[in-house]
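Below you'll find only one chain, the form predicted on its own, shown as structure tokens.
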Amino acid sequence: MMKNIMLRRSFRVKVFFGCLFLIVCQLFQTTNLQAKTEELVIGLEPEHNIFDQVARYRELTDFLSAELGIKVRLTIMSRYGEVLKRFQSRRLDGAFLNSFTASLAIKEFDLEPVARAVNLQGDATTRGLIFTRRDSGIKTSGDMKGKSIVFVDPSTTEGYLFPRSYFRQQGLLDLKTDFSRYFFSGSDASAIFAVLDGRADIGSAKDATFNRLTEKDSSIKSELSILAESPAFPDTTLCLRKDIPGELKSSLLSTLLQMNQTEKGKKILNKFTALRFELAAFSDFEEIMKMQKSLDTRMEKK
């Protein structure tokens, strides 16, 4: 009899402490969530001029902070690959990513592409260009063999993935043996000037940069010849972690999509060099993922 009483007491004690443990855990999780959602940390991939980049995004994040009622903070990565490492360590809530990095992050970290900016020309996509000097004598893929080539960065679709994919289709499979040399310029503009200056026979870059430079200086267009152009790829896209509270995510997306409906929002968009934001989708990146798979492109190999 006494033994049964002791067993029942022991069971009740275990149930009590078990319930207490669950309550404490729940309180801890709730506190963490509240603390976390007081700030939204958005990453940026480095561009050629970081000061201009920060100025371009700061007004946008200030606007989002005011509209959402929480601090939206920017952080610029030191290099492309760091974006994925920061997501892995969960120190980012989201990031504006180029199509190459976004495709990897969506696949490897289950990020959700939510929105991208429509530029002042009404386009939310970019294309890669392969070009040479008009006086180079290079007109076909056969002419490219043995020549030097400049890419932008291993983590870019327009400046690396597309030209690598194109060369493979043309039978130029190995950069080390099919070309005299290859190197990375670090920016689209630098790749264009490397070909103009004769430091490389062939170059690849984003069409937006190519068009912007040729509009400023028509001599650039007269000196360069385009050998190939890629299909359209999604431009810089805001990708978010899927565990961000749904209400916050909906408010953020709604604010971005409706910015162009207010004068204040239009002014900020204009400084951001965009007409509006539009929805992004997983399907936008499927073609890039196929190209990455075919080239076995992984960030850790860079």
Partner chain sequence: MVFIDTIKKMFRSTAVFTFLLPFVLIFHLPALSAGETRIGVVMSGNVPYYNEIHRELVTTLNNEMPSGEKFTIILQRPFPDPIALSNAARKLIATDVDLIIAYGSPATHAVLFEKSNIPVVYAGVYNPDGENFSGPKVTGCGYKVPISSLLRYLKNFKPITTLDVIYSSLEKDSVRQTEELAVLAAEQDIRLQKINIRSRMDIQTISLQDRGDAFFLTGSAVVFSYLDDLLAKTMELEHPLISVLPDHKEEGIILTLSHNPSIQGKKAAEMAARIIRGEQPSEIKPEVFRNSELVFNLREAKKMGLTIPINLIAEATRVIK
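Numbering follows the first chain given and starts at 1. Please read these numbers as outputs of a predicted model, since none were measured by experiment.
What comes next is about the form predicted together with the partner chain, which does not appear here.
K.L.:
Check for me: heavy atom within 4.5 Å of the partner chain in the predicted complex, for each of S136, F193 and E223, yes or no.
P.N.:
Each of the three qualifies.
K.L.:
Could you work out which of D207, D201, D153, D93 is the residue within 4.5 angstroms of the partner chain in the predicted complex, going by heavy atoms?
P.N.:
Spelling it out, the residue with a heavy atom inside the cut-off is D201.
K.L.:
Since exactly one of S219, Q121, T140, S89 fits, which has a heavy atom within 4.5 Å of the partner chain in the predicted complex?
P.N.:
Here the answer is residue option S219.
K.L.:
In the predicted complex, does Q170 have a heavy atom within 4.5 Å of the partner chain?
P.N.:
The answer is no: Q170 has no heavy atom within 4.5 Å of the partner chain.
K.L.:
Using a 4.5 angstroms cut-off on non-hydrogen atoms, would D197 count as touching the partner chain in the predicted complex?
P.N.:
Contact with the partner chain, yes.
K.L.:
Does S148 reach the partner chain in the predicted complex if we count a contact as any heavy atom within 4.5 Å?
P.N.:
Contact with the partner chain, yes.
K.L.:
Counting only non-hydrogen atoms, choose the one of 158 to 166, 211 to 219, 123 to 131, 99 to 107 that falls within 4.5 Å of the partner chain in the predicted complex.
P.N.:
After filtering at 4.5 Å, what remains is 211 to 219.
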